[in-house]
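Next up: just one chain, as structure tokens, the form predicted on its own.
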């Protein structure tokens, strides 16, 4: 899995590419959590536009980052998920969370 991070002002964006499955979810969690704890962003954006496959580990990854950001007084935003991936996330219950964003929207 390829991961790139950028931080501008109080927004950290994590660009994900490849497969988000049980094999690489744990190292990805550690990396993103470390970044969040070091930078303390007000907004963490997870950009899924490069994700080609995601299993249930991806749902857990999103949910965990949502809880982390909430505990730090910040917000999480998900961008770039394919319609199919977004549907799976919403069916898994993530539709109730205020994490969805339009393509270029930053709230």
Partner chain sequence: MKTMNEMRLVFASRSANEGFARSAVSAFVAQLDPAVDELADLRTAVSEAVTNCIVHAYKDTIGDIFINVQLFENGRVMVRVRDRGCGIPDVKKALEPLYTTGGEDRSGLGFSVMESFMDTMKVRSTVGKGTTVTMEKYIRIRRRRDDAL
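Residue numbers count along the first chain shown, from 1. A quick note: this is a predicted structure, and the numbers were derived from the prediction, not measured.
The same protein also exists as the form predicted in complex with its partner chain; that form is not shown, yet it is the one meant from here on.
- With respect to its partner chain in the predicted complex, the three residues 19, 53 and 88 uniformly fall within 4.5 angstroms at the level of their nearest heavy atom.
- Its partner chain in the predicted complex comes within 4.5 Å of no heavy atom belonging to residue 43.
- Contact annotation: residue 77 falls outside 4.5 Å of its partner chain in the predicted complex, judged by heavy atom distances.
- In the predicted complex, residue 10 stays away from its partner chain, with no heavy atom inside 4.5 Å.
- With a 4.5 Å cutoff on heavy atoms, residue 92 counts as touching its partner chain in the predicted complex.
- For the partner-free chain shown, just 29 of 29 to 44 comes within 4.5 angstroms of its partner chain in the predicted complex, judged by any non-hydrogen atom.
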